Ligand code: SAH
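Just one chain is shown here, as structure tokens, and it is the form predicted on its own.
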């Protein structure tokens, strides 16, 4: 499919941008609110079906606008109820989104980039290298498509998206310009109306972008920490060499310390056997987070071919949690979901070319790996 150079994709516009666009066409700005409700409340993308718009306006939209969505390339349903979709973009690349149903909520994991440039050593997406940023429409389009696809499938039609986490392919804060309007659409009452505490942005620790995000939009924050000291974290999360833990924690303190808003930070910590799961690591982590308004989410490593890592066993994870809890650190262990369809955390890879040329690197023993 070839992108239209003339037409505006309405999914690229949050409410303010859409109101400005309608004004530029000499239309009343409230028309934007009507169109947003058609797009997101009713799932209607055919302008002719937007019955409360004047026929002349619908004709104008036909010539000047479009509602472009990625194509559904593959759809998978896990034995545990997790859904994974592969969406094909214009230009031929693909991205992945995952929906995880739970008793009282449904969480959609959304991608922000095709591939990823940050090279975290335990993540399959990193091996693909980086291709490009997603547009606002391609980000919010994943929410639109997931809502539609869940409703179409008799096995999932009772599921509802109550939470969105920017934890799919890519580093969200490297795509801040396109990310922020998508976040605003997720929380706008005229579109999805999600609570700001139910929209979470995860980052590997890009400190300046964390500060900028804090200024632009009020959402929940998750930080991919994965190690309690700089030496180990730089091996697992190379961006740490540029923004070491002390700078990262300062940014986290700035995040929680804005005005009267009560904020906390979720620290994500993947459990790698013999690498970062020792009791000394737990004690270092407890010391690092002492007194900080946050909690730790321990993530059992989800293996993929050639990763060079193994998942920590449950006894080790339980001991790790016990050390944290004894130091009054709130800690939980994430349940692995969707691993039978490669939808679990760290397994998303997509259909992109491997630009990183890192095959030989991944064949070498990693820091702390047993040989």
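Remember, predicted model here, so these are calculated numbers, not experimental data. Numbering follows the first chain given and starts at 1.
Only in words, not in the display: the form predicted in complex with the ligand, which the text now covers.
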- Task: May I ask you to choose, among 146, 187, 219, 167, the residue with a heavy atom within 4.5 Å of the ligand in the predicted bound form?
- Result: 167
- Task: Work out which of 140, 270, 285, 134 lies within 4.5 Å of the ligand in the predicted bound form, going by heavy atoms.
- Result: 270
- Flag residue 232 as yes or no: does it have a non-hydrogen atom within 4.5 angstroms of any non-hydrogen atom of the ligand in the predicted bound form? no
- Exercise: residue 181 in contact with the ligand in the predicted bound form, heavy atom 4.5 Å: no
- Task: Tell me, yes or no, whether residue 299 is in contact with the ligand in the predicted bound form, where a contact means a heavy atom of each within 4.5 Å.
- Result: yes
- Query: Even though the ligand is not shown here, does residue 123 get within 4.5 Å of it in the predicted bound form, heavy atoms only?
  - Reply: yes
- Query: Of the listed stretches (301-309, 53-61, 318-326, 32-40), which one has a non-hydrogen atom within 4.5 Å of the ligand in the predicted bound form?
  - Reply: 301-309
- Query: Is any part of 187-204 within 4.5 angstroms of the ligand in the predicted bound form by a non-hydrogen atom, and which residues would that be?
  - Reply: 202, 203, 204
